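Next comes just one chain, in structure tokens: the form predicted alone.
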């Protein structure tokens, strides 16, 4: 094992060398010509393995860098990284306490802490692979709530209808497919100019479904939408849900960590009123992929909905039966992701995460000011959270499609030439440059450099 630890040590040294671009921006066909990823009958030498590892590192985007603005995570969480390595060393699984004793207790403590932040007084939960699975389980719980027999007998011809914002994550489409609801029965409810679901539009859609003889069963709210970082209003939507006995779920995969901050937790006010909640630790908490949780405001609901089978050989009714988290999960083999989250949380505490949120919100405010003070740019929507969507405004007359293509070209060219890793996004028919501010190492100097580069590329394309 020591030889491989030495390889790992050298790989870490190589990865932490910051003299390379944040991304190589190489196309898949080009990379296929450079690398030999074929497998063969015979094994290879340790030297060949190390070369492959270096290739892997050289061509992977460096998400730890402050100029990685592309996705909803960035930076390095070293206590969590240590936990990830130890988890792989033990190769523990999480279906029973027997094979994951310490990680089970850690996961239960994490669930208690998450529920406390949300305000679930009688809550439970289970860690999952990501927000998509958490949202799937949230919808599965809603189906079980509306039609309890669906677990054993199926829907039996009933038409269930789910409602989400038109800014909601695409995992909702996957969920209605997997659960047999059907994508035609997922209603994208109109959002306002700030990207938040309109309660009046939600109620109108529910009334429309009822008039058709359908069963409204699920309202999916979002805390931190993917493009804008918008927060759907919880209280008015929960009142509508209560009126019609509909399960309410919050997808807080990205935006939930504001709950750590006394200054900013108002963004997700009244979240204790909902039935279930998704939270990704591998986003703003910066834990290595994958680590997420689904939290439920009703003790026993997960087991009632998801359990089935395994009692003959796995889930023994012994002194540890209540600690067998596998009966809350739709997975059997489930990695012990609790360790890396627990180590991270233990290392910095709630105050450490609050400090990060507050700092990044200040950086976001500064970024918006810099955009608004430059006549070459315009904001496409307000920035409630850590998403900043803006665009370069050409000096020459262009159509909306041409402006969109120009802003796409700015992003693509910057990445291709070794600059900051940014991306573009569409909001209500307009394309702009989307920055995600997730790394607490970002400074105003990084932002100034980025905006100068955006302006420089924009001027080049504008003058061409």
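Predicted model, so just to flag it, every value in this text is computed and none were measured. Residue numbers count along the first chain shown, from 1.
If you look for the form predicted in complex with a small molecule, you will not find it shown, but the lines that follow are about it.
Contact check for residue 131: a non-hydrogen atom falls within 4.5 Å of the small molecule in the predicted bound form.
By the criterion of a heavy atom within 4.5 Å, residue 280 is counted among the residues contacting the small molecule in the predicted bound form. The shortest heavy atom separation between residue 165 and the small molecule in the predicted bound form exceeds 4.5 Å. When the small molecule is considered in the predicted bound form, residue 361 lies well away from it, no heavy atom lying within 4.5 Å. Only one of the listed residues (334, 196, 169, 356) places a non-hydrogen atom within 4.5 angstroms of the small molecule in the predicted bound form, and that residue is 169. Comment: the small molecule is not present in this chain, but in the predicted bound form one of 286, 115, 103, 226 has a heavy atom within 4.5 Å of it, namely 226. In plain terms, the part of the chain that comes close to the small molecule in the predicted bound form, with a heavy atom within 4.5 Å, is 249-257 out of 303-311, 85-93, 249-257, 343-351. By the 4.5 Å heavy atom rule, the three marked residues 72, 135 and 222 all count as contacting the small molecule in the predicted bound form.
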